[in-house]
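Form predicted on its own, single chain, as structure tokens, below.
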Amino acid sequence: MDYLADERKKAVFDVDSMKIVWAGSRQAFEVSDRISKLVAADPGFRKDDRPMLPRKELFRNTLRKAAYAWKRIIDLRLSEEEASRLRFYVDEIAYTDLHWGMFVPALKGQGTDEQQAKWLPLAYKMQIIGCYAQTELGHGSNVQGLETTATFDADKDEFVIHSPTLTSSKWWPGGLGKVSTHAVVYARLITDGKDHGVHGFIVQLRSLEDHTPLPGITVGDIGMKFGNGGYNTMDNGVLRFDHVRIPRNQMLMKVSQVTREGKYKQSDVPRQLVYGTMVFVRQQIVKDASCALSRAVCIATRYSAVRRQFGSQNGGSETQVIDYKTQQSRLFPLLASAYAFRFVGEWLEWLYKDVIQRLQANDFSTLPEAHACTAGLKSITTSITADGIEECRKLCGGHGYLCSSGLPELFAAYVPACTYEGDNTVLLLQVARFLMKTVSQLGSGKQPVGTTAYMGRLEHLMQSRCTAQRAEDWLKPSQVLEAFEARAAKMSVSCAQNLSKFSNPEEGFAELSADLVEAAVAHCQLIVVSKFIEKLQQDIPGEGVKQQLEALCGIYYLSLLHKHQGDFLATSYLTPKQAVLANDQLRALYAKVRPNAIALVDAFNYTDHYLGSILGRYDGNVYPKLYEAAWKEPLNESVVPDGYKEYIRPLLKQQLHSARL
């Protein structure tokens, strides 16, 4: 029985068309739909017992699933896209994520043609398994502070990789602890006593015969991490080198090289090419944010429609929790954010391709802007998603705290994204530096490009004032864009003016860093809003689809305006009365989305297997399934608990003095 059938009948748009919009194309939808059902129907990919397994058993089960997934990929002759979707829907964080997501892109992005010809076929067939060993015990965000050394020995034509201090131990790389046979290791390149900074090296860690660590290598797992299941399926590792020798040709040499004579030189390939890999990884992280947030929102939305509390009149049904405005005001902005992040992720995919084309043509003009843009978007999307998953757990009340809700494990597995590939606050400070540089160059006639193009209209934006006189005026894209542009521009200019008062710019930057982060957030939120609005200017087929996306877009930007009302008022762009009008319009949009909420999360097209949540079941049959799941708890295998005779009975019988405690 479908307990959510009545909710689904309320929808005023074509859900199947929205599924295609969410997937990006009909072809992408068909691949995702087919592969997700294939995974869901395969008992080999069962995961409902994951939070109950001890770490060793959990990890062994992950190894089994990764091997089984690879077997299925080969047996079914899946394409690269299909294989990627299969790994996604298996939904098990594993060493393969780092192999395909970091090790292979590093080889492609930083290896020469000869190096790629040697190493990539082995990696593609998984005859070697790789990880990305950059972070150390003592340094994470400050890559230039890494301590591992790679000293060139000209007599033997080899590099000597060494960990000179305890803090130089590689610490955190996924896949390193127990599985990886090879790593791209980042170390300080030293030739003739001169330090050339951090470079990448391909280093074999374990024997390909019996998997034992090679001489000079100490390697292991760093221990349990936050939460049940979660990221504990991954073998995050510690690695130390004791004068480990590798051939010279295992330095990644696409950008810079060391000759046979020990001379360090730049290659003909521009150094900026390395940024291409960074843009690729960060755009993938933004897409992952939309997936994780949409998953949490799907669970919370369905359960909010199932759950009823209070409001019973004359013995009738209680009120659905989703009908409470307090629930809507917390839930619907997250639903809107999931769609917003999806569309900005699509745009980042285009940006990555554009950056690569430009780099190949030796055009570096858009690179600083692309770098700042991807850094900022990685930061705000992962922060909002991590906080949003936790908010969805709270929106599910007490039952959200159960592992069977799927939300605690989703949170534990997702939250590291706020730190890896750049700490979110550090990334926003990088964006702020770029914004300060952009403001400082405006007087020189250098026109800002891409997502900072609005800065070219600074004079107008500094003087502009909101013209909204009715609540509906906040539905006009031009009105909204100008509001977010004026806020971002004024906050950046204010920071620049305050910075100019310091004789030492770095001192000023440190002192004003909190304000600078806020200016960076304003700029990044503008990007997401503008890309959502741009998406709506495209031809979007399907009855009622565009209207629902317009409502979600409105909820996205008006909820931001409400949350950051102080910024908009402090920059004098709008009046308190106009802020009230914006809030009136936001409430009206909640009412418009409410009957379509279940259909909007159905459009994500997630199977019950992928969601991994009793609360988020497609059929809404929550309570019987929660009751059923309780009896699967290992504690319930015996009626009288282990330890009764030793600890409970002596307490009840007042015999603790003779108990063996």
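Computed from a predicted structure; not experimentally measured. In case it trips you up, residue 1 is the first one in the sequence shown, and so on.
Beyond what is shown, the protein has a form predicted in complex with another copy of the chain; the following relates to that form.
- Using a 4.5 angstroms heavy atom cutoff to another copy of the chain in the predicted complex, all of 387, 562 and 651 count as contacting.
- Mapping the unseen interface onto this chain, residue 231 counts among the residues with a heavy atom inside 4.5 Å of another copy of the chain in the predicted complex.
- Put simply, residue 171 is close to another copy of the chain in the predicted complex: some heavy atom of it is within 4.5 Å.
- Of the heavy atoms in residue 52, some are within 4.5 Å of another copy of the chain in the predicted complex.
- Mapping the unseen interface onto this chain, residue 633 counts among the residues with a heavy atom inside 4.5 Å of another copy of the chain in the predicted complex.
- Contact with another copy of the chain in the predicted complex, defined as any heavy atom within 4.5 Å, is confined among 149-157, 249-257, 517-525, 444-452 to 517-525.
- This chain lacks the partner; the member of 365, 440, 360, 329 within 4.5 angstroms of another copy of the chain in the predicted complex by a non-hydrogen atom is 329.
- Scanning 79, 469, 218, 266 against another copy of the chain in the predicted complex with a 4.5 Å heavy atom cut-off leaves one residue, 218.
- Residues of 293-309 lying near another copy of the chain in the predicted complex, listed in sequence order, are 307, 308, 309, the criterion being any heavy atom within 4.5 Å.
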